[in-house]
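As structure tokens, one chain now follows by itself in the form predicted alone.
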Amino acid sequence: MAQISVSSPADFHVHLRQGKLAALVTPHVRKGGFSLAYIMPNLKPPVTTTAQALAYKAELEAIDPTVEYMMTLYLSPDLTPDEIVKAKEAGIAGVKSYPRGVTTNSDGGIESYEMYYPVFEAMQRVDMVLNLHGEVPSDSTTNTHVLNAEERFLPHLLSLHKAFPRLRIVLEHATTRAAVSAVKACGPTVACTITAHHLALTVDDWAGQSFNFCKPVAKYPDDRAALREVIKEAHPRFFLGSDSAPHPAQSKSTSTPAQGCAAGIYTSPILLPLVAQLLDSFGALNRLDGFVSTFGRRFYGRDLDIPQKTQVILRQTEKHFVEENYSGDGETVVPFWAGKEICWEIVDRH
């Protein structure tokens, strides 16, 4: 059987939720092969202060202390340059921007960026990362919808990069060829995360299938091809951010005339084998280490000269099936590819 080793895999976009759901899913980061997780702040209420971020980190460490949790703040009108300095000194890594209403728990998201320029200037000065959910809200008057919301966001990315050329910016979970081109056109301070599920899915896979529905939605086959191509290219500013987003099973499987199903795909417990299988499927298995470790760690300043450096060994297997669900303390989540065969498994880490 084929075997491959990966150095200290790092997932630079993870949702771990709160309460009982967090207790269920947080150990799945390590189960899926990862030793570092970049944590999203869209809780209820959102994580908007340094104190809240540190308290949340302590909660996650109490559940599983074997993972390094990199914390973020939610961009909101209450965030000030002084708080940015305080957050940097406390080890907070970044600030996440959500346009209003485009995804889970984004009702408090932003509507324009100019009012945040003093915050961005402070972030540039102290070297914190700005993470951008790269969509604009749907608007029937401008023909803006889920399929073109990312491409219509890209001018914001370019204008922010022009205004703050030293600010490190990450365009999260790119889904389009246009996004890949836009990030490539920027300087070395702009990077991009790509999810595992967007390497697998196209629009046909989520139309009518709630468990494949996420924001941003998967786009066209040519867009998926662009994501695969930039990984095969081993471009150092494109790396894994899973956007693994657990929801209670009933909120994924059920919708009503007044409420749609939850947006989010849960990949954490199978993430490294899943990424290996996907990269292998399009001839990029030799790019695995860069995509899931080296490139992201380098951009975020978490290079591999670390005491806790590990090697995760994956092996190709003939027959292994993804769990149908994971349950605990009254919570149930359904992973991506539930019940389907997966051809890679973690066999060792040291």
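Small disclaimer: the values here were computed from a predicted structure and weren't measured. Throughout, we count residues from 1 along the sequence that is shown.
There is another form of the same protein, the form predicted in complex with another copy of the chain; it is not shown, and what comes next is about it.
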Answer among 125-133, 90-98, 216-224, 274-282 for heavy atoms within 4.5 Å of another copy of the chain in the predicted complex: the stretch 216-224
Can any non-hydrogen atom of residue 229 be found within 4.5 angstroms of another copy of the chain in the predicted complex? no
Does another copy of the chain come within 4.5 Å of any heavy atom of residue 189 in the predicted complex? no
4.5 Å heavy atom contact, residue 252 to another copy of the chain in the predicted complex: yes
Within a 4.5 Å heavy atom cut-off, is residue 140 in contact with another copy of the chain in the predicted complex? yes
In the predicted complex, the residue from 85, 146, 79, 154 with a non-hydrogen atom within 4.5 Å of another copy of the chain is 146
Which residue, 74, 238, 120, 211, has a heavy atom that falls within 4.5 Å of another copy of the chain in the predicted complex? 211
What residues in 242-281 sit within 4.5 Å of another copy of the chain in the predicted complex, counting heavy atoms only? 252, 253, 254, 255, 256, 257, 259, 260, 261
